[in-house]
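Before any questions on binding or motion, here is one chain by itself as structure tokens, the form predicted on its own.
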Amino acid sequence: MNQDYIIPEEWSIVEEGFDKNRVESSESLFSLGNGAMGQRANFEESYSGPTFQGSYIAGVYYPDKTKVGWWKNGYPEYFAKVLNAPNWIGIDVEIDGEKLDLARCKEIRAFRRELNMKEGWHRRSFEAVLQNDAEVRVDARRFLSLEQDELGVIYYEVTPLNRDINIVFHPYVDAGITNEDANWDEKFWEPVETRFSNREGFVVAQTFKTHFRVATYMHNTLFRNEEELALGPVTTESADDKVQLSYEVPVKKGEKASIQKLGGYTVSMNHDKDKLIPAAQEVIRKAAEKGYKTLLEAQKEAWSRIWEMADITIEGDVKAQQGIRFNIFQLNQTYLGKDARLNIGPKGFTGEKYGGSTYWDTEAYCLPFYMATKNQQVARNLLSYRYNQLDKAIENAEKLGFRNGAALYPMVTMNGEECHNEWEITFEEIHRNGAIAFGIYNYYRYTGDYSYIPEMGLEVLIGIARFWQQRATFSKARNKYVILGVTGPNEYENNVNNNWYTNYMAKWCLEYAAEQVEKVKEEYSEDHIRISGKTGLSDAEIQRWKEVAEHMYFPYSEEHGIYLQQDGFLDKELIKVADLDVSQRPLNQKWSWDRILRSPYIKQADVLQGFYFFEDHFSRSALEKHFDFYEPFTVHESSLSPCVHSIQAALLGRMEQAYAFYLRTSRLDLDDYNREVKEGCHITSMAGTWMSIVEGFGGMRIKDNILHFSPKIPGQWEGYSFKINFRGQVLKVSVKSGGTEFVLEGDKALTVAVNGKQVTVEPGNLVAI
């Protein structure tokens, strides 16, 4: 059964009523981020109940020693993971000598928390009766600044309700923390320096092994009834890795005692490692001059600019509206495209699962969202990230026995090295290489910017093509090239032969790389000479690529008229998902891995993923036949699955099914479909939610260099709208049951196709179809 405690609101995520069983889930759902850092929605004050503490800094990671019972040649030696960063949000609160702790209060009333997505802030309020019978109202607000991305702001307010009280605020910064998922229960942070004054505290710590150095800082201002108090700390505590200051504020019944805490991180990635405290002091100076209200207004304005381009409106369906905005909000909290060293972790800043690392999700799912809602430089940065790690991809392939500059991009990475430690993924889920190449193709198709390919992309394509050519085996029995021992996107089939998606992707990559070599040779001869010299590429090698591509084997069933997921799929006991006892779901939590692998059940779209990428390669009737065969066996236990099915159901005109899949992908975390949201939100699949509307219901495609739309609308909606930044021109598309309207921002006309018919949209003129 799905959770249903999140109150449907168009612009906010709201929880009412305190339930200790929901704390960890809400810590994920109400997370904050600004692209440079983020944190789960942990309480500022002490909480002794079950909680998953997590603060994270983009790009800061640790090579945790891999924990396996045996070793295989080619295994990565470590699993690089995002670190639980030092805690800057902590404010212990003592009321008449009693620590405020919601797990120990006699009574909790009027508990409410809100994540305001429109303006980018989190607020939590409640009334509590402590063990000493003091009754208080607490109102805690915080945000992570988009304007100053090293800055977080907290405003924490306590009001006594039944008597005069003495409040002691204990704000602290603490580097003595560990990861929830540490393999060896080791600490990752080594304290370097602590420093404090009346208002400020600093802890400088660096990571073991990777030696990232971070200054975690705080600056505190106290208020009574919103009037600033000239208070110094009554006590100070300093250890190697923690600084805590304590401020005493007597308040009468009904008065408000408040602390404004500025905090965050300055990092050696961006500053001299020996000048992190002065850098933090400069952040504090700028922020303190502005004050809470001015900083909050700047936050609202920054989010307003993001929403102006990225928002999708849905009329008549609040749950669907809340779902898509939550997805767009979290994507923008995770990655804003400012720094080409960074990428998009599957959990973003909401948890530790998947190590906060880069997966193929970025190219397969996230790239379209960032191309359409930002400028093309943001998407180019994502592609540059892979080019900058090409040498590591070649090293990864060499460890597995490949040669001559063959490149295998990692399944999981922080710095380009493979750091995933399950053999059936590390060695076998090689389809990820294809997603990198497809991202390059998709970028050019969408932006029209070919310059990336001669500058960087062609070297990537050559390395990937070399890998596929060497990974394929010629089968004399079939007189075809086969690819053995792989895992496709559907991870519920491991170590299979001739996964259709993998083979098709390999064929396409080989052909596409050969085409791009020829194009660069003809149109960018200097780049071609440079790249050929650097890579040692020859015409004979390109001919071998073409040979493998031309004779690639694809498993096919004449009986069913479909491509098979892999050679042995029809040997399985083909019991459909509808005939499974619901008590057995989700399979990955109820069944042994052995049982899953022998079953026909599909974790995520596999053959259909290929039909999604290469839609123009197949007829509508072929898609329908494959959709009808595979959908009944798909359990959608990957967050990346429902969006593809939603897009394809919409293409087939099955709007009820498309809507159901959309709702599942958009509310995957809000409704906790997979019963795991407490581990963090599914950030990369959220881009698939955006695609479900824009590509699914809106039917947006790029064909022959122009935008095509085939708009449809779910029966549950009165209308919807979205904006697309296409080659520097912003097009707003509004769909209602009566038709579609287009409005263009820009200085020149744009030709689009609607249901196959070309229409010219002039800037500023509304065009109704």
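Sequential numbering from 1, following the sequence displayed. Small disclaimer: the values here were computed from a predicted structure and weren't measured.
If you look for the form predicted in complex with a small molecule, you will not find it shown, but the lines that follow are about it.
- Exactly one of the stretches 357-365, 215-223, 82-90, 478-486 approaches the small molecule in the predicted bound form with heavy atoms within 4.5 Å, and it is 357-365.
- Contact check for Lys603: a heavy atom falls within 4.5 Å of the small molecule in the predicted bound form.
- In the predicted bound form, the small molecule lies farther than 4.5 Å from every heavy atom of Gln148.
- Taking the partner from the other structure, the small molecule in the predicted bound form has no heavy atom within 4.5 Å of any heavy atom of Gly434.
- Proximity of Asn343 to the small molecule in the predicted bound form falls outside the 4.5 Å heavy atom cutoff.
- Shown without its partner, this chain lists Leu663, Ile314, Met117, Leu640 as candidates; in the predicted bound form, only Leu640 has a non-hydrogen atom within 4.5 angstroms of the small molecule.
- For the residues Thr426, Ser258, Gln566, Thr684, the 4.5 Å heavy atom test against the small molecule in the predicted bound form is passed only by Thr684.
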